[in-house]
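Next up is one chain by itself, shown in structure tokens, the form predicted alone.
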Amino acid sequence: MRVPWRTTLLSYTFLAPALILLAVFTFYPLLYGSYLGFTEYNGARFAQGLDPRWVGTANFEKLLADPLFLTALKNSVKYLLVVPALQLAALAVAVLVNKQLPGMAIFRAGYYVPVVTSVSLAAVMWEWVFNREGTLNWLLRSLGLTSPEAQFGWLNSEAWAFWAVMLVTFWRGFGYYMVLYLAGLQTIPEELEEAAVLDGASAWQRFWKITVPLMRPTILLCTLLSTIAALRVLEEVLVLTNGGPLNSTYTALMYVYAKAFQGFDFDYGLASAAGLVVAAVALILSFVNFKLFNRPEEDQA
């Protein structure tokens, strides 16, 4: 049945404001930024009013020859280690709080508080935890794991700063993914769980045979979001370590930020090229996630 043209026109009229905003603030910057990745465009050309100059793949060749970018890209890929730990912990806690018990809403809200905490406030708190006279060193001394005189600067250590920043990312993202998993768990029909209990299935068998298969779309979504967020990590690094010490926490997105907005060269072309490399890695990892979690039902059996 054909849709009347008036109905079609009315539909696009309602969609127009959102489409215009997407075109101006999403699609145009995306396309123009991709174009800049293949051009020479820096602060000097901008100040002189010159247009970007096409240089082909020169920016990407420069990136591959830049040890700082390779270190940053390696750190970003290494940062993906937070993804499985974060997803497993969020799913486990979502299963635990998916109970109709008194006061459970308070626990759910408490887990979500870090998500709505500003990164600047979180940085002040975690700097107090990680500094030489902070909570973490006090706890280790209290447990007898370090000497009473030990004052270890976690964020100043080349070996530990990376893991300290990753812990902050874990803390900030945990509640967000827990809520997504909790929403997915509440869509599973209770009749399936009850039938499995009557059949004598254990809690682990119910989780593995019922919960995980039915939660597969939610797991895929959360894993994709977490993977992209890990590759794009910037705020925690910027406010806690600024990429140090000795570039041990310097990530690819921080490289993009530094090239585009710090220093005196403002190399927008090189920054855009680095952003395209990060986007390409994210697309590859997204494809892998789809292959792992979006398999046909007959392959899952």
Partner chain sequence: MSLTAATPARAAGRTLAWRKPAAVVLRYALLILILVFALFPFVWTLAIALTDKTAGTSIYAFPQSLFPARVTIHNFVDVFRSFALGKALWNSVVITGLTVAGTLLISALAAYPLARFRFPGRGLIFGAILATLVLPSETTFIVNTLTLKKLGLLGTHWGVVIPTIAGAFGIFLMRQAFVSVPVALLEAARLDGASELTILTRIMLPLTKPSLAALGIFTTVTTWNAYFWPMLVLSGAPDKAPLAVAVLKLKGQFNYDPFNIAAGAIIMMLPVLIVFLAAQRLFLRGMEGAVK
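Throughout, rigid core stands for the largest set of C-alpha atoms superposing within 1.5 Å between the two forms. Numbering follows the first chain given and starts at 1. Since the model is a prediction, treat every value here as computed from it, not as a measurement.
Just so you know, the form predicted in complex with the partner chain exists too; it's not on screen, but the next bit is about it.
Contact with the partner chain in the predicted complex, defined as a heavy atom within 4.5 Å, holds for exactly one of Leu145, Ala109, Ala159, Leu88, namely Ala109. Taking the partner from the other structure, the partner chain in the predicted complex has a heavy atom within 4.5 Å of a heavy atom of Met125.
Contact check for Ala279: a non-hydrogen atom falls within 4.5 Å of the partner chain in the predicted complex. By the criterion of a heavy atom within 4.5 Å, Leu36 is counted among the residues contacting the partner chain in the predicted complex.
For Tyr257, a non-hydrogen atom is located within 4.5 Å of the partner chain in the predicted complex, even though that partner is not displayed. Contact here is defined as any heavy atom lying within 4.5 Å of the partner chain in the predicted complex, and by that definition each of Phe14, Gly134 and Ala183 is a contact residue. Applying a 4.5 Å heavy atom cutoff to the partner chain in the predicted complex picks out Pro17, Ala18, Leu19, Leu21, Leu22, Val24, Phe25, Thr26, Phe27, Tyr28, Pro29, Leu30, Tyr32, Gly33, Ser34, Leu36, Tyr41 from 16 to 44, in order along the sequence. Once the rigid core is used as the reference frame, the Cα position of Phe207 differs between this form and the one not shown by 2 Å or more.
When two forms of a protein are overlaid on their rigid core, residues whose CA moves 2 Å or more are considered shifted, and Phe287 is not one of them between this form and the one not shown.
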